Ligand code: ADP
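Taking the form predicted alone, here's one chain by itself in structure tokens.
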Amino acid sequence: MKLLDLHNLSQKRLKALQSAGIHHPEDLLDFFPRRYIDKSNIRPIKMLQEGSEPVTVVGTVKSKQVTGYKQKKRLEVIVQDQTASIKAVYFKGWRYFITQFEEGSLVALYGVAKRFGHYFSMAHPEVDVLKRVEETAKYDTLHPIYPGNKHFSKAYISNPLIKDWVAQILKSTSIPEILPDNILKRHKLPTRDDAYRTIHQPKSTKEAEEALNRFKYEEFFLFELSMARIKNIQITRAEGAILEPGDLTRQFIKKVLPFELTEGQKDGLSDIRSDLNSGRQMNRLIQGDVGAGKTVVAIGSMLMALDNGMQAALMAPPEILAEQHYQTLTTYLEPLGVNIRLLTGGQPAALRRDVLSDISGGGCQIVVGTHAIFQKKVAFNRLGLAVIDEQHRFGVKQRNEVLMKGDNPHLLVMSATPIPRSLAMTIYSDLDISLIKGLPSGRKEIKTAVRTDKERQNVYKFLEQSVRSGDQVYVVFPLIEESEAMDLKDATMGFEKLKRHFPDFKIALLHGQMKPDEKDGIMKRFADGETDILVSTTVIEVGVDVPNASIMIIEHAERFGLSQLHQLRGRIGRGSKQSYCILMPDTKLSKDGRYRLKKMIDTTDGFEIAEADLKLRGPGDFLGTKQSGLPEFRHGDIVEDRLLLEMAKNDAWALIKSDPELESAGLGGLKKVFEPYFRERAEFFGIG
């Protein structure tokens, strides 16, 4: 069957369907109802009562007229049964609805009845044209309501017309199954054919939910199947050097580190050691809250490479963060005689040539830098392990470029942005994941409080006392310059006010519109203790450690996302001092705004905060547009449907483990659908 075979399908209607992505009959089957209505509650018009529950009335069209002027034009239709009459009123799309009513015809109206004086009225009721009253027997089933758009309205594509088209397609189509029989039976899922018929023609809400769950499971299953095959290809293709910890690793942990490793750090190193000893290329994500000690785990991992005569590389996004990593590694590893070099895009040409020569000659054991260290010009002598910090700033393709560098180096990626389990199962499915929980000894939990603008003078007194006792302060604003559209305090104006209020203090301004060198200079002076108060936008969300910075004031805190507030708060509390985060919201707080601030006070656990933020904002907004790798699921929600997602993942990974190419009998339908789906995902992941 072709789309053009459908009844009453004009060229205008065909174009309208195409605007919604409907080009084939199967596309129309995938055009799921957005909701269902139950028309079975049929009432005589005289027995109607005003309320919020929709009802159905059946009667004869007595009259219709268009009244009003210009934008206030409306269609009014009088429908009468044996007991009384009711007025149906249409404001939008009245030109279409006027064609649905013929005087003397029998119609069923479905909507909410409202009383106006002595008569009842329905605004924009659903209308069915009937031949006889007995047709209302079909109202024992649910009625699908399909999504609409302006093109549908202009082409007079009504809900009944879409229902009719779908019924035509279902009558002439048999839909093949793609899920294995054992999965259908184990989870009691309807067949694909039954699910399509039920989703468009359900007899009950329960039936509709069961059909929708089938499709949610199916799209989760296809995605996880592709992730499992990608992982399988990576494991099959890439052997990795076997790396064992030696003297450098042991000396670092037992003699150099001034503290005991936390249990989380020990577990992370144990996972990494197991990977490095497997003979397969490691591809692992270390997730830890801000301040959890991921860098120490990364150093331990890199030393395992050095213990086996290989090089290691650490990549961090902005130059200032790369420089801080370089300084940290130098402090820790200089006593062990390790040769560490820094490579960034802004280095003088002569120094850069010297670093590149040292890397290719093998004299450089660890190179630290920005993206520059994985450019084609950089030739490693024997790269054994690559570490990527702040994973959320890089896409999947960049990770795979690193995996292809040199002779299959092991890959360790780190993220201080807590990702809830349900989200990690999707965007990081190609990675093995280790979680580092808990804080290193000596770190104190940050105290968080909410203060109003009326309490500002008390906040400033506290700030002044803290600075005079040697502490440094962040003051964070949501905007750079004043915006008329949003009544927010901006960083520039806040900077000027603070300078006037604290003339004796050294105050600096930092924002994202500054040039990189200027930003790095301001941040470096703050890190060196030359600045008392740093007024900033969210550019400091991911940045260098300033152990002496123990106070943070966040202006208009209600405007920030939960995870963003937590990341900002993570800039303090890096030393042994007690740290304080003061949230200063606007006086007009929304329900979500109050919830976010309360959550910040109640917990400092980044994973708990991330779960709450994900529920508030959804996956797309939670990650932001820069995050790559997140699939767009049409039916499933990875937060609400996490149990289905986990079930699909377990089934998919088990299937790929037993039958990587889906060659078994009974998998023909699945393979036909999966192969083009997989090619698209594999291309995205850089796998041929």
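Everything numeric in this text was worked out from a predicted model, so none of it was measured. All residue numbers are counted from 1 along the displayed sequence.
One more form of this protein exists, namely the form predicted in complex with adenosine-5'-diphosphate; it is left out here, but the text below deals with it.
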In the model of the complex, is there a heavy atom of adenosine-5'-diphosphate that lies within 4.5 Å of any heavy atom of G293, even though the partner is absent here? yes
Might P547 be said to contact adenosine-5'-diphosphate in the model of the complex, defining contact as any heavy atom within 4.5 Å? yes
Even though the partner isn't displayed, in the model of the complex is L170 close enough to adenosine-5'-diphosphate, meaning a heavy atom within 4.5 Å? no
Would H143 sit within 4.5 Å of adenosine-5'-diphosphate in the model of the complex, counting heavy atoms only? no
Out of the stretches listed (253-261, 346-354, 93-101, 71-79), which one is close to adenosine-5'-diphosphate in the model of the complex, meaning heavy atoms within 4.5 Å? 253-261
Looking in the model of the complex, is adenosine-5'-diphosphate within 4.5 angstroms of a heavy atom from every one of Q265, Y332 and P440? yes
Out of D613, E555, D289, E224, which one falls within 4.5 Å of adenosine-5'-diphosphate in the model of the complex, going by heavy atoms? D289
Find the only residue in K519, R574, R341, R192 having a heavy atom within 4.5 Å of adenosine-5'-diphosphate in the model of the complex. R574
Any residue of 8-23 that, in the model of the complex, places a heavy atom within 4.5 Å of adenosine-5'-diphosphate: none
